[in-house]
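Here you get one chain, nothing else, as structure tokens; it is the form predicted alone.
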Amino acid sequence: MKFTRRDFTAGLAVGITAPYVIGSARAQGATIKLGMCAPVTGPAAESGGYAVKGARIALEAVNKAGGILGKQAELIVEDDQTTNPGIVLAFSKLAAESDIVAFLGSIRSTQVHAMAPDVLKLGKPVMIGGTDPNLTHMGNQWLFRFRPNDSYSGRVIADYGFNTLGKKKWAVLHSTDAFGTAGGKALGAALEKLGSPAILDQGYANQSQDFTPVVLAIKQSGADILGSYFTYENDIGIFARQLRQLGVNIPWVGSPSITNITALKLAGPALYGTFGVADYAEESSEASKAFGKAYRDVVKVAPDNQSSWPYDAINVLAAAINKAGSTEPAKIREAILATRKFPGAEGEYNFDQNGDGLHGYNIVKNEKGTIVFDKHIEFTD
């Protein structure tokens, strides 16, 4: 398996097959190449490391099971620098290699939007983790999502806060990028359907260093519950600490980033007692438990959705190519869309014609730093 051309550190390269096997395959030109855009540098570099590890662990298992179309597969990683221009550049470098048959994109919707025109132009399958519902509804047939989109997360956050926690006065906080804006709208719409429209809709700019005005707006609104969509974990860390410092202790139900390992490390006790929607929850299924064990055995820390969706993407993609019996883009696409009842770390994959594979979310709680599974809420409409 090939390391990134940007000399990705050996510490991030896990699940590597025996060098002589890969070396022999490469010498014969017999490998199947997959490309991956990941934040090796920038504010999301730590989570980017987790993503690459998840993908490599899956590819290790695929190769041990016979590979893809009988060939060993290799992963080529390009640094997206945690920026929109960065991912456009990273994808263009990977796309220039004509023998790469499919790609993994970003977990961040704003970056997927940035690269989407080039994806459409290239015409090869790209697996994504961005949750803006619009990504699979804008006429780009080459995007396949491996997390539930935010039309589901908004409904689950609203349902849990309203019906389970019994809270009616909502403050909705979201980043002003594509992900946050779409998520905030989805949550707002879900609350309106429940007859409990948000009393505060508050946006913030990514990479903010001071959330005091935002916290004061929440405090002064009289809200008895907070729903949030944060793009970056470092923003959660700053906000959560300032929220508690200013005495705001209302229930908080957040988008998946609130459960990520990086956020937990940065915020510490400030996130204790919070709830989150989580596409990955280790106790939610046997497949989730199996991934958790495999990941811990290699990485020595608990996994989160930064690593689980690339793991699932590699497994579904490999199975689809094997089922198609071809690396022809159109045939891979058809095989992915035909995937049904595929047990993944994030849930059971049943792809619709838009390219969405998952249709529900788990609710979890932060119990003094440990993410505890509560229940799964699935939607069929």
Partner chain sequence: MNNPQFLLPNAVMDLVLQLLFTGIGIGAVYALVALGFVLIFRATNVVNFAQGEFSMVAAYLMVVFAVDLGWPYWLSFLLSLAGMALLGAIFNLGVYYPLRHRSFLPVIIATIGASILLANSVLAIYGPQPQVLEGWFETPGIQLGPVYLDSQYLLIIAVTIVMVAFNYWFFEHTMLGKKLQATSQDKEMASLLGISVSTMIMITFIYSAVLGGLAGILVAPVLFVSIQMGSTIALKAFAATIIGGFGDVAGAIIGGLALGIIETFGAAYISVPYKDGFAFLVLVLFLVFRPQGIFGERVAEKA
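Predicted model only: the values in this text are computed from it and were never measured. Numbering follows the first chain given and starts at 1.
One more form of this protein, predicted together with its partner chain, exists but is not displayed; see below.
Note on contacts: among Ser151, Gln202, Ser288, Asn84, the single residue with a heavy atom within 4.5 Å of its partner chain in the predicted bound form is Gln202. Interface residue among Ser98, Gln220, Asn163, Asn249 relative to its partner chain in the predicted bound form, by the heavy atom within 4.5 Å criterion: Gln220. At a distance threshold of 4.5 angstroms between non-hydrogen atoms, Glu46 is in contact with its partner chain in the predicted bound form.
Contact annotation: Pro213 falls within 4.5 Å of its partner chain in the predicted bound form, judged by heavy atom distances. Although the partner is absent here, Gly42 is a contact residue: one of its heavy atoms lies within 4.5 angstroms of its partner chain in the predicted bound form.
Although the partner is absent here, Thr136 lies well away from its partner chain in the predicted bound form, with no heavy atom inside 4.5 Å.
Remark: of stretches 143 to 151, 122 to 130, 229 to 237, 70 to 78, the one touching its partner chain in the predicted bound form is 229 to 237 (heavy atom within 4.5 Å).
Every residue in the set Arg241, Thr262 and Leu266 has a non-hydrogen atom no more than 4.5 Å from its partner chain in the predicted bound form.
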